[in-house]
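There is one chain below, alone, in structure tokens, taken in the form predicted on its own.
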Amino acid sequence: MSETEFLLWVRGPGLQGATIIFVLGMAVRILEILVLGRKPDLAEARGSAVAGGLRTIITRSVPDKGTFKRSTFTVVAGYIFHFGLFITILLFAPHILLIDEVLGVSWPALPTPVVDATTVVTIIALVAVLIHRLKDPVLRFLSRFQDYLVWFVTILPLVTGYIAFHRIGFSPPLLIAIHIFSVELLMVAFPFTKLAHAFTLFVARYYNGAISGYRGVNS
């Protein structure tokens, strides 16, 4: 397969297949949660379930003082690479053009140098997270193959995207093809790994908060 053929494949059948797996996989994951249902809450209503659910989504997104003190590195590094991924994926002009082409929606992009620098910082944060996991005896003991797979498919699009943007090593068509392929690997792995928490965590937080809010308890 030539470089051009590879590029055409990842932009055509490869991307279509990855998108189908991602959409159907995530739909099944979310449906699994919803069909579990919940038993009727027989307690007397003392507050708002909706308000409690929304409040918990917000409060659980900000670490409490105790957690921050005990796990400062994990919290800070986590915020850095999560915000970095958000900026790199959704605020980079070529990515926005692609989304506009597929979905018909667009928004302003950040300057390219800002996204480029953010990509580097995000890569450094992810490498630091891996080193921390390998050096910490407890984390290393608890880590399984999936944890390292998730790390790999997360950092790979960032690295290949940075290399493709700066045209390092190979021809531009091959670099773009490799970058797109790395994104497709991420999409395929997403529904079947801990990456799915990007969607399910909000459902879980709302569910827990709604129960507490209904009973008038802060979650």
Partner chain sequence: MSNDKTLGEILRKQGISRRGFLKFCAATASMMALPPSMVPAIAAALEKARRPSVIWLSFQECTGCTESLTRSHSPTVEGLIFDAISLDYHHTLQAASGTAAEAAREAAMEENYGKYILVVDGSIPTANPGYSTIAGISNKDMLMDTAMGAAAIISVGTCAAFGGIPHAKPNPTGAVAVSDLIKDKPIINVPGCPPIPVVITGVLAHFLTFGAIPELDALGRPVAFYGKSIHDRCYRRPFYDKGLFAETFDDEGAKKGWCLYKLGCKGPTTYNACATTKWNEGTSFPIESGHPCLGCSEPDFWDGGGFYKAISTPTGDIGRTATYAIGAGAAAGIALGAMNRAKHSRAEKAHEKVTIDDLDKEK
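Positions refer to the first chain, counted from 1. Quick caveat, the model's predicted, so the values are computed rather than measured.
The following text describes the form predicted in complex with its partner chain, which does not appear among the structures shown.
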**Complete:** Within 4.5 Å of its partner chain in the predicted complex, heavy atom basis, the matching stretch of 71-79, 129-137, 91-99, 144-152 is 91-99
**Request:** Decide if the three candidate residues 4, 24 and 176 all line its partner chain in the predicted complex, where lining means a heavy atom within 4.5 Å.
**Result:** yes
**Message:** Is residue 20 near its partner chain? Define near as a heavy atom within 4.5 Å, in the predicted complex.
**Reply:** yes
**Request:** Using a 4.5 Å heavy atom cut-off, state whether residue 31 contacts its partner chain in the predicted complex.
**Result:** yes
**Request:** Find out whether any non-hydrogen atom of residue 196 is located within 4.5 angstroms of its partner chain in the predicted complex, and reply yes or no.
**Result:** no
**Request:** Classify residue 15 as contacting or not contacting its partner chain in the predicted complex by the rule of any non-hydrogen atom within 4.5 angstroms, answering yes or no.
**Result:** yes
